[in-house]
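Structure 1 and structure 2 below are two forms of the same protein chain, each written out on its own as structure tokens.
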Structure 1
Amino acid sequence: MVALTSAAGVAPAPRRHRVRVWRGLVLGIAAAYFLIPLYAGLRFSFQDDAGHWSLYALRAIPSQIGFTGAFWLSIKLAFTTLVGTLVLMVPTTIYVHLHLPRVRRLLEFVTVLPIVIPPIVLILGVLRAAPIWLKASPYLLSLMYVILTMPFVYRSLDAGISAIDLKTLVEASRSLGANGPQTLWRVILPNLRAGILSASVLTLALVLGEFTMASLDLWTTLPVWIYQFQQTDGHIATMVSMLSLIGTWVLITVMVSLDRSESRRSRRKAEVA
């Protein structure tokens, strides 16, 4: 009977139960690691100096000096960085995969450098070498943010391209009479939607939370404003930090949901066809 039970596959059940228990324990610890500080920050931001619950910090945010300018500056830097990163990295990654496969290792090494070199070293070197007209513009930060996001963007795009048969798609598109831009826009980019979305999410998250370069370049982005205003009113600064964090999560969730819904529509169309 024991042999039959083991052969029938009933014996491994306790092992599966143990795996589920450990998985739940790990997920619980991870959830506590992220949610407890978030709860503490929200609780502090919704309290006044006397410890009573209050919406004062939430209502007072729009009227604070410098908040609107810092917020819109961060949004503009995030948008310009995202556009610049995709325009630079998407064609470069595709071209390397198609025509220069031997250069992939060199490109991987180059894109790792922004992680190895501290941001403070990068911005100080750029501030010494950049012309005056560029240093007077906040969009110098966008150029630096493009460099900072290269490791994450390249790996997202590289994984997306590696998941498809790029050469076959390009050859099939050309055989049907499509030129280079048409192949890129109608064939390659739709198949790279997941990789581009992942790269966009990482870019936005990095730009909206970057502090070191903006502070050394003397531009008041939202993270710099939070740090400066924290000395004036800790409740309002904490509230802005929590809203920024939650807003970033919501943005990422919306982008991922749109990608999933688009994938489902494509599958349904393929099934109908």
Structure 2
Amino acid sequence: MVALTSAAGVAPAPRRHRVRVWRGLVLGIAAAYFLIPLYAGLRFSFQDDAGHWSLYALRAIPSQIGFTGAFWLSIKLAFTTLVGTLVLMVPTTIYVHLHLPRVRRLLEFVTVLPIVIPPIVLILGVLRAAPIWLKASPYLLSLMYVILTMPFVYRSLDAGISAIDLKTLVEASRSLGANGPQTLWRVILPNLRAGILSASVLTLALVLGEFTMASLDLWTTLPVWIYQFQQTDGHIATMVSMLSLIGTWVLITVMVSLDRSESRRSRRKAEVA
């Protein structure tokens, strides 16, 4: 902040220059802090115990005990959570925006709660309160993950809805003769695509990395497996960890770029027309 200060009477030109230097410095430090650990993690995964370059960790992954099971469990949980969260949150958020504007504040408050309430305390309560048959199923985690993702999902959807004039769009669609479901399918959802997409991305990222609840519910999801396996072989564990990270990034990039090329295509179509 101090670097921002400029003495009175200094001409604008050097000040602009100084601001640019200051900004470069801040961004540089941030980049170092966020990129060096990534680089370190990657380098460690591609080393063997002697510190030499090696792909052994990569090759060894599939044959490790428990890996496949943990991997598929995480994938299954991620997608059931995604479906659950979208089915619950999308209609509710849209409906509240359209018909119950006074409930919006309440919804905002309720969806912040999962940020404030520690997941570790929440799972503590769940383990006591859930019926036995549900505790026996890994999908109890999916049900809880829907709660955990709520803040991010609601915020994404809310931002998406606020960016468009939902009420006018719906009224226009209805006045042109579309019924409720047609309006939802052809007008609301396409316009909310960006919001739904970012909600989905955040959901997947959160579930694929969740450790607290899974480990205390005693299910070996991918993060739990990695943690347990580090005692066996640190390089393999780190390699899996980095791969899961990269996998999440790739997933996000693909989804975001799909959306972008989609919107670009429709824009081009509009230009031709």
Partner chain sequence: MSESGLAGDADATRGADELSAARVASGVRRWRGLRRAAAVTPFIVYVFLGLGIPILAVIDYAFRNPKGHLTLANVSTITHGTYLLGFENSILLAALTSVIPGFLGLTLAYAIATSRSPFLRRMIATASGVLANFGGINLTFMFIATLGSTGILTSWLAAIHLNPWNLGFNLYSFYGVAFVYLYFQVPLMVLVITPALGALRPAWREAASNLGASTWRFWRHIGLPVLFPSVLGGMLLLFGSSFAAYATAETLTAGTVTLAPIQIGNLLNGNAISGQENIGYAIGFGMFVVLAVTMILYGLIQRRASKWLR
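For clarity, a rigid core is taken as the largest C-alpha set superposing within 1.5 Å between two forms. Quick note, the numbers are simply positions in structure 1, starting from 1. All of these numbers come straight from a predicted model, not from anything done at the bench.
* Asked: Form predicted together with the partner chain, is that 1 or 2?
  -> Looking at both, the form predicted together with the partner chain is number 2.
* **CA of Gly177, rigid core aligned, shift of 2 Å or more between the two structures** => After core superposition, the C-alpha of Gly177 moves 2 Å or more between the two structures.
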